[in-house]
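Shown below, as structure tokens, is a lone chain in the form predicted alone; questions about how it binds or moves come after it.
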């Protein structure tokens, strides 16, 4: 029998596996108690052990109140709002809303990640995880989404087209922040990490939010730097984007990512058969079990049937997981149990 890490690495390589690799995802706090009660456990660690899950996610210990989360490192919004990963907004007017000169990029008080990342805590967290797991740093490094927040999303998309130099100046500063933050984390966890999760949401339900050429010109250069940096530490890279991103999957492959997450099952052209036909063997995927309808409203038998369908379609090359990184309270724990039960039957 393979270890969790062996199964994970073989899946990314499209090599044979003893059973499909899996990832529970990131249950939000409001969903955790229901899961604990259903499975008769009292911690995420106990739940993962019971489910025989393969990936162990590690959050970056980033201590910057009030969010204390690296995904909320920039205070761009001009309005007061709950600055947490669940409540942050990309659409509020942003600091750079009225700026047009790239030379003004340093008028924002750019944070220094070295002040807020606890190196000792990062190392201790990574060392505490059994090396048989695939240990994955949840870096996010969402330079495009943060650039949208820097202007306010509608304004940001206009600036991309009408003042690309200004947009590039801002997104480059954000990318530099993440390169420094990730370097600190990778150095602190060197030898105790196997993979990282980075990414931005590029898609809506029916297509890309931005034309592919704009992404290639202004966003993917930063993505390439982030991917190459992780690879320089020997880490596998899982790239996240919700929505319909079919037109840029070849771009992500060329950028060097090892797997694409979460393959939002109901988004246009993101169903498993379409992805298998177009990209099978060229990359790996993570996700596939619809979290918009099936896991929320389906029966456990329907969930099991979907997992069996995915197993037949992807004997390897797919980490079976909900098609969203978060397990929300509207997903019945019995459907989570059905997903994992079907992996081995």
Partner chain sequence: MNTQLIEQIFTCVEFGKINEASPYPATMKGQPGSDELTKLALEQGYDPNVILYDALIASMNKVGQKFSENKIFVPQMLLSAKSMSAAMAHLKPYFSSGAVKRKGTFIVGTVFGDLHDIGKNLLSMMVEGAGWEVVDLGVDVKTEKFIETLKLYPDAVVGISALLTTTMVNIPQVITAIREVSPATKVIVGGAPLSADFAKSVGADGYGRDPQEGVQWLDKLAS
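Numbering follows the first chain given and starts at 1. In this text the structure is predicted, and so the values were computed from the model without any measurement.
One more form of this protein exists, namely the form predicted in complex with its partner chain; it is left out here, but the text below deals with it.
- In the predicted bound form, no heavy atom of residue 231 sits within 4.5 Å of its partner chain.
- Taking the partner from elsewhere, residue 124 is found to have every heavy atom lying beyond 4.5 Å of its partner chain in the predicted bound form.
- In the predicted bound form, no heavy atom of residue 274 sits within 4.5 Å of its partner chain.
- In the predicted bound form, at least one heavy atom of residue 89 sits within 4.5 Å of its partner chain.
- The single contact residue among 183, 104, 118, 211, judged by any heavy atom lying within 4.5 Å of its partner chain in the predicted bound form, is 211.
- 153 is the sole member of 153, 225, 169, 252 with a non-hydrogen atom lying within 4.5 angstroms of its partner chain in the predicted bound form.
- Of the stretches 189-197, 105-113, 132-140, 160-168, only 160-168 has residues with a heavy atom within 4.5 Å of its partner chain in the predicted bound form.
- In the predicted bound form, 268 is the single residue of 261-277 with at least one heavy atom within 4.5 Å of its partner chain.
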